[in-house]
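Below you will find one chain, with nothing else, as structure tokens; this is the form predicted on its own, and questions on how it binds or moves follow later.
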């Protein structure tokens, strides 16, 4: 290896390490803050590391709030969003990838344009619609707007396009219907793409804050993000308590990612190389 290549590798490693540090720093700061007493957080002298590490904030989060209930609510809504996203997005992606019909490309790009519309723009019409259906302050109101994920349609469409048409043609010759081909041939081959869409749907619903805050009025039905926001009191904010709640809320996402990380990386890599 010549000196030029070695220098490039060193520079690349340095830049990558710097980006990793910038990405990981907020999480480390959050964890350290959750281990501090409130007086260490609200002080003129800043200390990055906790001077007197304590788990009191975590104990208080579990003992003086309904954080377990909120996490169960988030788990339920996220699970429903994942399941319904796959049920809705998979047939749509298959139609765009394998079925030739008039206006297919226009309709596909219209769906993709939905990714450019901020969710905040849709809040008022969505609220009026859900209110007319009597769904305000119900768990279904949290996950229903999240079940059609445009990026999920895109990922699965790209994956389905990589499946050889010869498999479908052979199934047609054997007398299989379009639904039978989709359920028995296409779906079993799409596990990698499904894993990617699943984690994206989970994170999208789990981290949602504004919409659950608007549609939920009952404290027992809060999701974890809305519940943590309640740690901010009327006369003051307990930052260390909020950080402990944020750490607790992050744990399920890390666990979920650890189970699916290989399929997620494989899915993104495979969908990224298809035009």
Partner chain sequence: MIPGNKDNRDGWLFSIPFLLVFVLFMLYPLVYGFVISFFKWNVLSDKVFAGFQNYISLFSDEKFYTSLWHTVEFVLITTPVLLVIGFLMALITTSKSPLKKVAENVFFIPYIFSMTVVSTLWAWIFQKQYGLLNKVIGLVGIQPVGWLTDPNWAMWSVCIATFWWTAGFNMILMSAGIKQISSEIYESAMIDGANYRQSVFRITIPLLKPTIVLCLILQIIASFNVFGQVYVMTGGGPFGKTRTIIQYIYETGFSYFKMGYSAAMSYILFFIIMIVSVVQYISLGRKSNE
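Here the structure is a predicted model, which means the values were calculated and not measured. Rigid core here is just the name for the largest C-alpha set that superposes within 1.5 Å across the two forms. Positions refer to the first chain, counted from 1.
Only in words, not in the display: the form predicted together with its partner chain, which the text now covers.
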Should residue 161 be counted as a contact of its partner chain in the model of the complex, where contact means heavy atoms within 4.5 Å?
-> no
Residue 129: touches its partner chain in the model of the complex, heavy atom cutoff 4.5 angstroms = yes
Report yes if any heavy atom of residue 11 sits within 4.5 Å of a heavy atom of its partner chain in the model of the complex; otherwise report no.
-> no
Touches its partner chain in the model of the complex: residue 35 (any heavy atom, 4.5 Å) = no
Picking from 92, 185, 139, 195, the single residue whose non-hydrogen atoms come within 4.5 angstroms of its partner chain in the model of the complex is 92
With its partner chain left out of view, choose which of 64, 51, 207, 219 has a non-hydrogen atom within 4.5 angstroms of it in the model of the complex.
-> 207
Output the sequence-ordered list of residues from 67-104 with at least one heavy atom within 4.5 Å of its partner chain in the model of the complex.
-> 88, 89, 91, 92, 94, 95, 98, 99, 100, 101, 102, 103
Inspect the rigid-core superposition and answer whether the C-alpha of residue 27 shifts by 2 angstroms or more between this form and the one not shown.
-> yes
Would the C-alpha of residue 214 be classed as shifted by 2 Å or more between this form and the one not shown after rigid-core alignment?
-> no
Did residue 37 shift 2 Å or more between this form and the one not shown, C-alpha, core superposed | yes
